[in-house]
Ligand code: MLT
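Single chain ahead, written as structure tokens, the form predicted alone.
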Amino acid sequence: MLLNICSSLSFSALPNQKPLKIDVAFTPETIDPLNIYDKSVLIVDILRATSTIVTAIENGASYLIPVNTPEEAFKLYEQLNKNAILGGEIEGKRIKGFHLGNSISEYTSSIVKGKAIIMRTTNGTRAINACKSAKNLVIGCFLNKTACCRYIIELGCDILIVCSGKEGSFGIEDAVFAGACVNVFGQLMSNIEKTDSALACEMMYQQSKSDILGLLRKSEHGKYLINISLEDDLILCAKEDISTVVPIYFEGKIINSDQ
């Protein structure tokens, strides 16, 4: 298991080794799919898709299929002979006809273990599908922060952190998490090159790291979730490094990197 091998290691530069470039995109709309074919892309949607995906894989889901629309989800569900779980949201709320919404608390082991999940969310699954051309596509959140950073560094490619944002707009919670990852990369690697956006995110993280939950509550999307009675989701999404699971996108599915 990769994470067991490198769980206590830092990564030093080899002589004349080109530094790994760390960049951050604040929305998937800014990504050119032709420019990420040689990169490791980390998809971030703290509130809540990537947090929920990590939880689902942690609790034994076989795989997830990210789709962009409810119609696509229902069609795929029929193709799989209804042998799957439909999960996702519109405007933060469970889609009519879906089994689950987009709350971490719904994706328990008793419900998802051994199951395929077809997932549609407003921002996260759209970001994943926008970056399918990446050489490596990894799913991260505060829950698996250090594990996913170690995994990505071991891949040895330039790194692009893609914030899902909120319907094409900047989302501070994703940017702060991106900054947390930039900080971890700097601790683990001596030979990295940070873009201005990566530096800006790291500065935001340094200002917010003592109270991540408070940051989530102040964020625009966090306030919206509180308003629709989903504040408990913020509490769950703010937990740090409670999982060593690293979900990756491979051949149309999100699977555990151990598979």
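Everything quoted here is computed from the prediction, not taken from an experiment. Don't overthink the numbering: it's just position in the shown sequence, from 1.
Although not depicted, the form predicted together with the ligand is the subject of the following passage.
Interface residue remark: residue 144 is not counted as part of the site for the ligand in the model of the complex, having no heavy atom within 4.5 Å. Contact check for residue 87: no non-hydrogen atom falls within 4.5 Å of the ligand in the model of the complex.
The closest heavy atom approach of residue 41 to the ligand in the model of the complex falls outside 4.5 Å. In the model of the complex, the ligand stays beyond 4.5 Å of every heavy atom belonging to residue 61. None of 133-141, 149-157, 120-128, 73-81 except one has non-hydrogen atoms within 4.5 angstroms of the ligand in the model of the complex; the exception is 120-128. In terms of contact with the ligand in the model of the complex, the residue from 198, 67, 216, 225 that brings a heavy atom within 4.5 Å is 225. Taking the ligand as it sits in the model of the complex, the stretch 38-67 comes within 4.5 angstroms of it through a non-hydrogen atom at 45, 47, 48, 49.
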